[in-house]
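Below, in C-alpha cells: the form predicted alone, a single chain.
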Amino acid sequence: MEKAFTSVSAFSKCNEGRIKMAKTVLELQQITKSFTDKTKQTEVLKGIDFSINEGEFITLLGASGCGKTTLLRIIAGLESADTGSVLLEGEDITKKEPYLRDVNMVFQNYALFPHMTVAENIGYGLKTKKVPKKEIATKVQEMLELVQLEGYEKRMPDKLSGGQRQRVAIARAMINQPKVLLLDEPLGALDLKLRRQMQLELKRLQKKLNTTFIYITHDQEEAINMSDRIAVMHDGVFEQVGTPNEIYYQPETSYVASFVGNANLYHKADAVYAVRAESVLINETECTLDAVVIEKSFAGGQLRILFALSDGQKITASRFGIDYDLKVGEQAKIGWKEDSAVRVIANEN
C-alpha cells in the first residue's frame, strides 16, 4: 500500500497549479441534514462548505455512515438539505428538480436497463430529450469509442462483464455532457484486479473529457491513486481537504492519520504525533525508544513488525522486500527522523 501512496506524490504536486487556476464549478454552502428514526434524530451533515473547480477529480473518502452518500444525493437533487445552498456555476440549484440540474450520477449497481441494448442504454437520455435519431446515433458512437466499447452496440447488459457495464453506465451519464458527474462507489462490485484496471480507465476518461468528477469511496488506496483532492469525511464533517500527498503525509487530525494509511499515533506528554510505518527506523542512530517485538509478518513482499514500547504504546514498522533478523520477544531500539513525525489534533477514532 505504501508504494501506491508514494507514487502519486509527484502527480499531486504537478496538478496543484492547474487546480488553483481553474474556475469554480460547484459550491456547497453550509449544508446540513438530519434524519429521524422513530424518536431519534441523527445529524448526518453538519454544515458542509466546499468549492470544487472545473475539471477536478474530487473524492469524498470516509467510512460507512459518515455522510458522503447523503451529500452526493443532495448535489444530485435526490435528497433535500435541511439548510444550506448548492450552486452550480454560480446558479443556485438547491430547489431544482434532479432532471433540471446539469449533473448526472453513476450508481454502484450501474442501473442499466436490462431490456435495452448497449446503444439504447447510452442514448436513452438523448432520446428522452427528443434529440433526432441520427444525432443520437452519432453521439452514441462517439461515446462507445471513448469508453473503448466499439462493436458492442447490440449487446445486452447481461452479456457484459462488470467492467464493461461500468463503462456503459459512464457513457450513458456522459453523453449529456454534464458539468459534474457524481459517482457513488462505482467500482465496489468489481474484483480487485478489475477494480485497479478501472481506476486507471476512469482517470483517463475524466482527464480526456475534462469533466468534474465527484467520487465516493471508503477505499483509501483508491482515493489516493485517483484524486486531485480528497475530502476525508467523518461524522458529518470534513476532517481535512487536500491533495493525496497532503492527506497522506500531512494529516491534521488523528482520525485522518489512522484512516488513511493506518499511521502510528505516538503520544508524548500532551501531544500526539502521526508516524507512518515506513518511516519507523529500527536499530539506527536516531533510535532512542526501547521496544520489544510482539508480532512479525511478511506477506506480499511487505514486512510488518509490531513493537511494544516500555510505556505500553504499540508502534508498527513496515518495509518492502527487506527482512530483519528480529524474532518475537526480542528487544530493539526504534525511532524516526524528526520530520517524519507530524503533530495532529487528537479526536475520536
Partner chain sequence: MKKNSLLSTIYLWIVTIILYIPIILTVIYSFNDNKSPVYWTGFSMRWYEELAHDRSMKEALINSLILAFSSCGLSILIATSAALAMRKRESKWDKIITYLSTLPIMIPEIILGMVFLGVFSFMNLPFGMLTLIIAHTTFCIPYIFSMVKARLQGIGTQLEEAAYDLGARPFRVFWDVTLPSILPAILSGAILAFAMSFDDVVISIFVTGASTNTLAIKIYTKLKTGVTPEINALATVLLVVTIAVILLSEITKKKEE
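Everything quoted here is computed from the prediction, not taken from an experiment. Positions refer to the first chain, counted from 1.
Below, we turn to the form predicted in complex with its partner chain, even though it does not appear here.
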- Query: Which single stretch, out of 198-206, 127-135, 143-151, 262-270, brings residue heavy atoms within 4.5 Å of its partner chain in the model of the complex?
  - Reply: 127-135
- Can you pick the one in N104, T217, T211, Q240 that has a heavy atom within 4.5 Å of its partner chain in the model of the complex? N104
- Item | Q250, S258, T94, N176 - the one with a heavy atom within 4.5 Å of its partner chain in the model of the complex | N176
- Item | Non-hydrogen atom contact L112 with its partner chain in the model of the complex at 4.5 angstroms | yes
- Heavy atom of R167 within 4.5 Å of its partner chain in the model of the complex: no
- Message: If we define contact as a non-hydrogen atom of the residue within 4.5 angstroms of the partner, is L192 a contact of its partner chain in the model of the complex?
- Response: no
- Message: Even though the partner isn't displayed, in the model of the complex is G84 close enough to its partner chain, meaning a heavy atom within 4.5 Å?
- Response: no
- Taking only heavy atoms into account, state which residues of 75-105 are within 4.5 Å of its partner chain in the model of the complex, ordered by sequence. A76, L78, P98, Y99, L100, V103, N104, M105
